[in-house]
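Just the one chain here, laid out as structure tokens, in the form predicted on its own.
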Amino acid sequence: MVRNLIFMTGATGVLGQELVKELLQSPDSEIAILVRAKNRASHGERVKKILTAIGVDAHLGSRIHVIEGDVTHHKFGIRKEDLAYLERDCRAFYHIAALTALNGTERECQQINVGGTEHALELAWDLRKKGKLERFVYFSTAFVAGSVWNHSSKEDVLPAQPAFANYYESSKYKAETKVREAMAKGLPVTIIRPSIVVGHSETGAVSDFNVIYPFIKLFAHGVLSKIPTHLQNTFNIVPIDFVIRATCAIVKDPRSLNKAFHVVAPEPPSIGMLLKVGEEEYSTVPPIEVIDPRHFKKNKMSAQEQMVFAMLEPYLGYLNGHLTFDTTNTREILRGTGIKMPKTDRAFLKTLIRYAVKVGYLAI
């Protein structure tokens, strides 16, 4: 008899993998993960490979169950027998799957982030009405408010006129809007809003280098030498272990129903701090020129730099915006759990960079 079945999309991603490991720490939890075939590998082959890499493959078939499907399809294209299984036993539904590439096209972001969330909500309503679903956990983003303006983002509302840097942000805004509409109609929802998720707070370890890492790599390897920003500007990064532990604590607490939570760093590092760490740790890194964005001219760059810079423009909001985050809900729910808001100081930046160098991602 299944005691606590959790259904999850996005389990093969960076956050999903770590969340699966954490949820399995509870002996009464079983997890059904949605997986699609990819690059000629069947959904079963993909799952086996990923679960082996994170050390939980022994649970496959016992506490981890695989459901074939695709978030871009109606009810994820799940087979009838799998739908019946979820209707019978699913208590919690974590929707994590999303296109997180900041240079994703409008069509891609609409299809996966907005359309995928619509399909998730459709399925969640069925599991609520026909089954035992107690909670829909939606992974949004702290940048749902838009990263390129001076704004204090509140946890339980969306701004009326956000300022987006890319299609990822705008699509997540639309998707969260739909989640909030469902919540207002009675679907029990918890919204998690992480900022830029990076490596472990103590080791720097991360299963995939994305979002901000490729940006750092281009400068560390000398592909780009100029950056339009200010040294005092900050960028909000959050260690993955905090995101996972905080999420699990939030979801366990009944007070978290129908609320949103900023899972972010209260004191984010500055651009100047990052550059200083790079100089101190790796003297071979080429010098990086910081230019006031008002005076920055792309046509002054080399042809190669202009081409690369064009790919980076969707990222620039994270370096030049002044978006800050209210964490009232998060702090209140974590009080007494022993989980502290994360420090993303100079020591943490060193940890991240050292790990990236250790595993060969940064050749410096």
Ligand SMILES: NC(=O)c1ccc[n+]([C@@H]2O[C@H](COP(=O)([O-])OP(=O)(O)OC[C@H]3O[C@@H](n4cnc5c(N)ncnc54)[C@H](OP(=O)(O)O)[C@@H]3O)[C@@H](O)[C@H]2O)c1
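Heads up: residue numbers just count along the shown sequence, starting at 1. What you are looking at is a predicted structure, and each value in this text was computed from that prediction instead of being measured.
Just so it is clear, the following notes concern the form predicted in complex with the ligand, a form of the same protein that is not shown.
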Using a 4.5 Å heavy atom cut-off, which of 67 to 75, 146 to 154, 224 to 232, 284 to 292 contacts the ligand in the model of the complex?
67 to 75
As a check of understanding, the residue in Lys48, Arg331, Arg63, Arg36 with any heavy atom within 4.5 Å of the ligand in the model of the complex should be identified as Arg36
Just one of Val211, Leu274, Val137, Leu83 has a heavy atom within 4.5 Å of the ligand in the model of the complex. Which one?
Val211
All three of Val14, Lys172 and Ser195 touching the ligand in the model of the complex at 4.5 Å, heavy atom to heavy atom?
yes
Taking heavy atoms and a 4.5 Å cut-off, does Ile250 contact the ligand in the model of the complex?
no
Do Ala124 and the ligand come within 4.5 Å of each other in the model of the complex, heavy atoms counted?
no
Indicate whether Tyr168 is a 4.5 Å heavy atom neighbour of the ligand in the model of the complex.
yes
For Val179, is any heavy atom within 4.5 Å of the ligand in the model of the complex, or not?
no
